[in-house]
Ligand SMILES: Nc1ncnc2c1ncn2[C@@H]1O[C@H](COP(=O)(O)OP(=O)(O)OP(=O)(O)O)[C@@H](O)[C@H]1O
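One chain comes next, on its own, written as structure tokens: the form predicted alone.
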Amino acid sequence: MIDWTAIKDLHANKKLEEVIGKWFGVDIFYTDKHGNVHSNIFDKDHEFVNHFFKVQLHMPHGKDFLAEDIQTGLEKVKNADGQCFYFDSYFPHVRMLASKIVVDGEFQGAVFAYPYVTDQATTAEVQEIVDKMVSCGATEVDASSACDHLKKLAVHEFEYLRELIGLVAQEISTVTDEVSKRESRIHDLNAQLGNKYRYHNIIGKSKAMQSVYHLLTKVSNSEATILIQGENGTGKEMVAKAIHYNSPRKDAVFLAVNCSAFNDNLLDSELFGHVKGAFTGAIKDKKGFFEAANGGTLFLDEIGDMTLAMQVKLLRVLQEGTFLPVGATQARKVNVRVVAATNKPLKEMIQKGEFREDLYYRINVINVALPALRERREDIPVLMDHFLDKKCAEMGYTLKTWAKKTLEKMIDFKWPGNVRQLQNEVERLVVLAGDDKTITPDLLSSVITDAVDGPAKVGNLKGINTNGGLKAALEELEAYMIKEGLKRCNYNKSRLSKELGISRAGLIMKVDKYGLDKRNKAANE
């Protein structure tokens, strides 16, 4: 739970350790709840504040003595009511102070301050410490020098030390809590992004896409036949894959077939297979998509292009789960979930007799309507960044940025080709930008710039007087627009009135007002 490597580098704790070492002559180190030391005190080049500690760790069993003291300290502070606890170390009269680290209400380790003695320590007691060190393998000179460096703390000094050690432990707890909250928040945001802005690689944060995600979540676990409707380039196959890979069939096969890519005979063979000798070239049995997708999902794209004869065969397999391969005499049974898609208005086709009504209701148990990109403009920047990141990584470029004007023009464009067209444009821009870090608007396709900025203006308004009253200027502009419009529409007043957004009667009145009628003009000429 605690990142001990990061804890060692905490600026606040480093400063506290420096102050504590300077004023109280003790070393600070950290351990986890299992007694593992997470400080640098065992490094060869570690600079100890207190010489006693250094001598101890260079003794034959000095580290073992420290390990015993750590376990004693952990046991005491773990169950203690207070934050800090002091106790005698392995060496008599030499004290160690421990302050417990608690994160989310759980004991996670301790901060230790070591070594010191009280100001009540007598000469005899100090000699007792020296003798103990010598008996443990230290030389008389090293032991005496070590004890000379022991800080004798008065009661009020100890209270200050205890408070400061408590601050060190509290800083660790606070930082760990904050990191934990931040990571939890990041996790939650990622989950939200995953749920809100992405659904199996379908990207979008718009309200329209949220509705699609919500519906997909509901239908993925069902076995219902689904019809996906949307314009070309809106990602119908991607949605079909999302439905499959979030369903109980996710471990089975997903197959896609474009119904408009085959003529009637070929589509029959592709969907249902054929037996050897069924037609010229049928040299062996062949499985169709339905049989190959058994247990999984079959995506039928452009189902609106299927002929009425094929619609009958499809309806049978949907209703009964059986089909007849081309040239076969015995029906075969399959368990396939069908997801269909089209960009055609099937209801209108039913009225014209081009699509079977019974098949429509069979495939349209659940309807997923995908919005066009122009209907969800807020998704354009999200998609642009996604495709930009993907293409830059693919080409080994440092991630590029969008110029503000480029972004504005991309958002304003209508995108008749939808997401597919947007992706192609982004990939084109990355290539054209080369080593430039920013993608500027001059790189945009002419189809975008012309559509957004508009074609070059025909004619000019130089002849219009911009001085004088506003009413006169507006009338002059109005007369000019009607005059040019009549020429453009070949004096078709019904057509021009629609363009100008006024009634035909209103237009006729204005034509008379400004003397723009073609007959009057001819008479005057």
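Fair warning: this is a prediction, and the values are worked out from it, not measured in the lab. A residue's number is simply how far along the shown sequence it sits, counting from 1.
One more form of this protein exists, namely the form predicted in complex with the named molecule; it is left out here, but the text below deals with it.
- Residues of just one listed stretch (407-415, 92-100, 381-389, 109-117) have heavy atoms within 4.5 Å of the named molecule in the model of the complex: 381-389.
- 423 is the sole member of 294, 210, 144, 423 with a non-hydrogen atom within 4.5 Å of the named molecule in the model of the complex.
- Comment: the named molecule is not present in this chain, but in the model of the complex one of 238, 328, 432, 350 has a heavy atom within 4.5 Å of it, namely 238.
- Although the partner is absent from this view, residue 232 contacts the named molecule in the model of the complex, with a non-hydrogen atom inside 4.5 angstroms.
- Using a 4.5 angstroms threshold between heavy atoms, residue 376 counts as touching the named molecule in the model of the complex.
- Contact annotation: residue 338 falls outside 4.5 Å of the named molecule in the model of the complex, judged by heavy atom distances.
- Not displayed here, the named molecule is approached by residue 302 to within 4.5 Å at the level of heavy atoms in the model of the complex.
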